[in-house]
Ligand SMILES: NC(=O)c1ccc[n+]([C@@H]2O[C@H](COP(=O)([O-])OP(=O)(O)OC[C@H]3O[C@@H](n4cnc5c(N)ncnc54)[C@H](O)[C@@H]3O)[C@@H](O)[C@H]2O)c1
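Given as structure tokens, the chain that follows is alone and in the form predicted on its own.
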């Protein structure tokens, strides 16, 4: 059976997580690491036993001939790096979001098709251990007919949370609801509906955003409705980020790597708190829970191996990631114009930049990249 050769560009936190998963999977071999910072290269290279260390992506590809290059870098670098890897005729794994707008997403999908290569986007939760337990319970009919899905954010500034954690949440909803066909959203900043002046450059290189608080309603193909909540709260709380699936006969609940089932359609605290049943996470048969790789990252790698073996797209494919971006752009457009938005959009320009242009404004001013500094600058703008 083919062993897939893997190179990684970017050796910080997400690069380390990816390296551990590829290093421990029996069907992948890490053949090269790339980073501009020597200390990161050496720390990760020593951990996973990779001596081929580079500061130039193209040189890494030429010398190591990988089948896959993983790109766990800052979002603003995704598009250019993906294009460079695809030009070499190499399969891509890229961190979420795949890129920052639909123009870039369309170009990446076109380039991958031109080169006959695959793009997988690192929405690891969708294929992870807890999600597989939820999928198994849903298929088994434990909640009857799925009716609607609710997902929430960690408390990031709404527009930034949408481009960050929202990419995971929307991708998870697509797994169960099917393609999203319409979006209706409302966004506020400082207590008022957003205006073109509230369109900002996002922290973390995540493009253009608006909205301190965002509420969106999504309609999916499978007669499923979704509600997406992204509200700015302090402090950020990982425990606040959940997904709930409501069916005709019960509920399913997911939080990171845990999942539960409630055998009734509505939660009644007085009688239901002790009826939640924990679902057992599902792990690959060859996954060693003692190793350093997270099970969801490992599942993501396992899905890529099987997809390439079978000549098909990864479940978290570039096309699916582009649809996630379509949903996010639809949310911004709906909030800006107070309209329901049908998907996919005919106009692929970023709706918030188009809104500013129509209002006689240019691109938003530069903002700090780090989230904490960015939030301080935004609160200053708002007079807080």
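Numbering follows the first chain given and starts at 1. Keep in mind the model is a prediction, meaning the values are calculated, not measured.
Beyond the structure shown, there is the form predicted together with the ligand, which is absent from this document and is the topic of what follows.
TODO: Just give me the single entry in 212, 172, 95, 302 that has a non-hydrogen atom within 4.5 angstroms of the ligand in the predicted complex.
DONE: Spelling it out, the residue with a heavy atom inside the cut-off is 95.
Open item on the list: Looking at 75, 241, 232, 208 here, can you tell me which has any non-hydrogen atom within 4.5 angstroms of the ligand in the predicted complex?
Closed with: Of the listed residues, the single hit is 75.
- [ ] Report the stretch among 160-168, 111-119, 282-290, 179-187 that approaches the ligand in the predicted complex to within 4.5 Å, counting heavy atoms only.
- [x] Of the stretches listed, the one contacting the partner is 160-168.
Open item on the list: So, a 4.5 angstroms cut-off on heavy atom distances: do all three of 7, 23 and 29 pass it with respect to the ligand in the predicted complex?
Closed with: No, none of the three is in contact.
Open item on the list: I'd like to check something about residue 34: if you look in the predicted complex, is any of its heavy atoms closer than or equal to 4.5 Å to a heavy atom of the ligand?
Closed with: Because a heavy atom of residue 34 falls inside 4.5 Å of the ligand in the predicted complex, the answer is yes.
- [ ] Spell out, yes or no, whether the shortest heavy atom distance between residue 11 and the ligand in the predicted complex is within 4.5 Å.
- [x] So residue 11 counts as contacting the ligand.
Open item on the list: I'd like to know whether residue 15 contacts the ligand in the predicted complex, with contact meaning heavy atoms within 4.5 angstroms.
Closed with: Flag for residue 15 set to yes.
- [ ] Consider residue 130 of the chain shown here, and say whether it contacts the ligand in the predicted complex, taking contact as heavy atoms within 4.5 Å.
- [x] Residue 130: no, not in contact with the ligand in the predicted complex.
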